[in-house]
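The chain below stands alone, shown as structure tokens; this is the form predicted on its own.
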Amino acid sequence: MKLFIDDANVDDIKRLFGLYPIDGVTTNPSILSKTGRNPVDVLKEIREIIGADSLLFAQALPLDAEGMIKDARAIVKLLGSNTIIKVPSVPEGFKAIRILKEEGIHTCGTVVYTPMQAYLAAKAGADYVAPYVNRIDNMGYDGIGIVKQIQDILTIHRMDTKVLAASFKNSQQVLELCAYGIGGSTCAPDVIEALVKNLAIDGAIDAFIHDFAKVAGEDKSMADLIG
């Protein structure tokens, strides 16, 4: 499963990319607006941080297919071929995805709440489909269950499209979908850090340091002893 940062805070992105095996960054208009900065400047800075080989997701804004395509072309020209264009999984979006596929521009069918939205986006040629786990839960449905159903549909029909699950509220949701074998998850920084935040882990590490200090001295490492 690929792991993405669902955020546009460049400081958080820089820090997490330095620590974790991150595959890229996903953004949307709402996430970009939280920075209070020019969205183009933010996206360019994110691309510089993550490099040309990592995936960067950016959304086409217009509601009509022609406008989506125009946005997609401009975004890819600015940010490079490893940029995935997020397109809403609605009729005009399916049209745009088909045309962009023919042009070799990679897309993600986003705003996915139902399995059939995902299926149609995949059939149109989307590289990814992004179901919103927590938002589906908040509507009274089973977000995890729907994502698994989408994965099953893509597998049964042998589609190349990958599931990119989004909108997580906790690390347990990420774990469950990782174990199920979905293509990717995009998470806010706090959810990513919660994947390894555990008092037992911290306690074990502290014990190692304490025990080693008994024989080697305080603040000493193996490199210090070896010389």
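Here the structure is a predicted model, which means the values were calculated and not measured. Counting begins at 1, following the sequence as shown.
Not on display, but discussed next: the form predicted in complex with a small molecule.
At least one heavy atom of R135 is located within 4.5 Å of the small molecule in the model of the complex.
In the model of the complex, the small molecule lies within 4.5 Å of some heavy atom of A166. Of the heavy atoms in A130, some are within 4.5 Å of the small molecule in the model of the complex. Although the partner is absent here, N28 sits close enough that one of its heavy atoms falls within 4.5 Å of the small molecule in the model of the complex. Annotation: in the model of the complex, residues D6, K86 and T110 each come within 4.5 Å of the small molecule through at least one heavy atom. This chain is displayed without the small molecule, yet in the model of the complex the stretch 166-174 from 189-197, 64-72, 37-45, 166-174 comes within 4.5 Å of it by heavy atoms.
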